[in-house]
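Form predicted alone, single chain, as structure tokens, below.
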């Protein structure tokens, strides 16, 4: 393994740890009723967001969903501004107006993050059209769940993207296994006539690739291939990243079913018991998986991994404390920013 790959793994681990500790902080705040409304967490899918974002360029556009925290953080957003947004504070990334569902930073290329299932697929097609008109080699990446493919807009936009050769990477984060649904683990076969999601874009002539969504290096490699494909003017590409649904997503409201992540389960400091989540810890947790891979390459990295985790946790504790002390927006500003500033 060369130094470039080794350094990239450490960068990925740092980003994935930040997302994990951030999401655990959100879950804790949610359980304490520190903010209203429903929310979703990205735990278990960190490898997809981090690996994919690292393959995109600074001028590329992004459209993503209600499960957006990991995408926004992986793109480089300030975790304090993000947590303040979720908790409705005036110093939030969207001034406390968007909340968890619409956590968005246009300066990082985000067109929108939306809770409307399937909508970002259409938005990304429009973004891809704009990129093609600009002709500057930029592209648009859409992140969405397998449920988005149940919506008509998804098929329509895959079709138009193929017809017009739009530079769009459609990234379907398929976390249906172990999901709570009409038939647990039954998606997509219960709702889709297509048993293999790749056959949907494939029927339109779009190259479709499946990848293990818990393997950050594999996700990065495939998205880099897709980006090169788009920039070469070869049209859209579809990627299905497969993960198993994190146990804390099973109830209607997220809960820390697997507890606060103990990085010692990767370094060997903590023994994994034979409890209900042992398989998750051993095989499905992308953060633990990457830490183990780094250790396989360098057995002396154990202390460095644990130090990185301690620093990340300390950083998030400080963030949480500052956000709790942050003010809410003034009531008199409730109608501010309803319309775009300077719009005619």
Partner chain sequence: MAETSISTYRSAIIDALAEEMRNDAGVFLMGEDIGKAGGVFKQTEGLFIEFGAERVIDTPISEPGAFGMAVGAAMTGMRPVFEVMFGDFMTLIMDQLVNQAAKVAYMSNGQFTVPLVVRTTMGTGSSLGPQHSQSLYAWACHVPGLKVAVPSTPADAKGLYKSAIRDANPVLIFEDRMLYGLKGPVAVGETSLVPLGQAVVARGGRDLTVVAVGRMVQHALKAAERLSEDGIEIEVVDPRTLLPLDVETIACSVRRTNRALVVDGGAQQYGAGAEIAQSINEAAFDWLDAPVMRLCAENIPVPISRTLEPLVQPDESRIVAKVKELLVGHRWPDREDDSP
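Residue numbers count along the first chain shown, from 1. The structure presented is a predicted model; accordingly, all values stated were derived computationally and were not measured.
Absent from the display: the form predicted together with its partner chain. The rest refers to it.
- Proximity of residue 100 to its partner chain in the predicted bound form falls within the 4.5 Å heavy atom cutoff.
- Its partner chain is not drawn, but in the predicted bound form it has no heavy atom within 4.5 Å of residue 258.
- Its partner chain in the predicted bound form is approached by residue 115, whose closest heavy atom lies within 4.5 angstroms of it.
- Taking the partner from elsewhere, residue 321 is found to have every heavy atom lying beyond 4.5 Å of its partner chain in the predicted bound form.
- Remark: none of the three candidate residues (21, 80 and 126) comes within 4.5 Å of its partner chain in the predicted bound form, counting heavy atoms only.
- Checking 298 to 306, 31 to 39, 55 to 63, 278 to 286 against its partner chain in the predicted bound form, the stretch whose residues place heavy atoms within 4.5 Å of it is 31 to 39.
- If you take 292 to 329 and check each residue for a heavy atom within 4.5 Å of its partner chain in the predicted bound form, you get 328, 329, in sequence order.
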